[in-house]
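Shown next as structure tokens: one chain only, the form predicted on its own.
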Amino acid sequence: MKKLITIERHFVEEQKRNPHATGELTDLLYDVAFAAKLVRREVVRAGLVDIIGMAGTTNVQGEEVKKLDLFANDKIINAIGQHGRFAIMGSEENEGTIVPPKNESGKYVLLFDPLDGSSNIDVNVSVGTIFSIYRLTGSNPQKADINDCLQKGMHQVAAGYVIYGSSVVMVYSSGHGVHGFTYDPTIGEFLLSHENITTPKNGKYYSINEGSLNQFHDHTTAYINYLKEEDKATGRPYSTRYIGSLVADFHRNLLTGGIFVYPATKTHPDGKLRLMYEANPLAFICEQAGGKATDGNRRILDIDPLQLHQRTPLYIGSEDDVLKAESFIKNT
């Protein structure tokens, strides 16, 4: 019989491997897992309650907000902020930083996208939550400010995502490999299902919104055409897999190999994805699994952020595929 390992037990075992660990990060991660359970409860019954459709407002990026976006955002803030373990938080749905009601002793920063891919929720397509954890840059939690949030991705102490699909899976890394847990609703627990995830060095899928083809720069078009060419020696042509939910596309490629591309375009020269809420946490996970993440010229985790809602192009996935994409950018 396969040994059942709960997410809490896994966090504790990981803590034991670090002689300098105090248990704080374990508590933080468990808080995130608990918040994910609350969001999952509403996602799976969204069509049965008045929680689908538009909320009638726009977020800081000028995008229409779904009702479930607001619900997920509030649940995560309330579930996590009440424990005082985070001194400051930032959400894709909030223009500025969020100071939890109890931040007197918190030594960490939480940045999160409460419901990635929420435009798909009305048609029952997988959505997700993405999170990123940093240490405060100073020693006084009550003086935490936006500068604590604007740290390079390389300084993350943990990152992860939850995908709400045919099953609910939480994937995380605290810098010691990548691990995945599947939620068992019969016992209300996340159980270890994907231990030490390693992404293939070469992939077989590419994920990009080809509906924006006329907005792509020449190097992006050339790279996509390269992936479509037939060449058995390099495993081409690749197959297209694009869900339109970043977490879902990334999760598939992480497990099976491939590349997700959201490039700079003629209309969006800085890209559209958020550096702090999407690119950094997924890049941290991808690198821990043996993959690579870049904006086409720079390693994502080396980018010095200037704004809380800063955008970036993103090429992320199997190492060889990302390196090939970079070569097209530099040589086309």
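So that there is no doubt, residue numbering starts at 1 and follows the sequence shown. Keep in mind the model is a prediction, meaning the values are calculated, not measured.
Beyond what is shown, the protein has a form predicted together with a small molecule; the following relates to that form.
*Asks:* Work out which of the listed stretches, 271-279, 297-305, 284-292, 28-36, brings a heavy atom within 4.5 angstroms of the small molecule in the predicted complex.
*Replies:* That would be stretch 271-279.
*Asks:* Looking at Y262, Y183, Y205, Y108 here, can you tell me which has any non-hydrogen atom within 4.5 angstroms of the small molecule in the predicted complex?
*Replies:* Looking at Y262, Y183, Y205, Y108 one by one, just Y262 meets the 4.5 Å heavy-atom criterion.
*Asks:* Which one of G175, G244, P237, G84 is close to the small molecule in the predicted complex, taking close to mean a heavy atom within 4.5 Å?
*Replies:* Filtering the options by heavy-atom distance leaves G244.
*Asks:* Since only the chain is shown here, I'm wondering whether D116 would be in contact with the small molecule in the predicted complex (any heavy atom pair within 4.5 Å).
*Replies:* Answer yes; at least one heavy atom of D116 falls within 4.5 Å of the small molecule in the predicted complex.
*Asks:* Considering only heavy atoms, tell me if N209 and the small molecule come within 4.5 Å of each other in the predicted complex.
*Replies:* Contact check for N209: yes, within 4.5 Å of the small molecule in the predicted complex.
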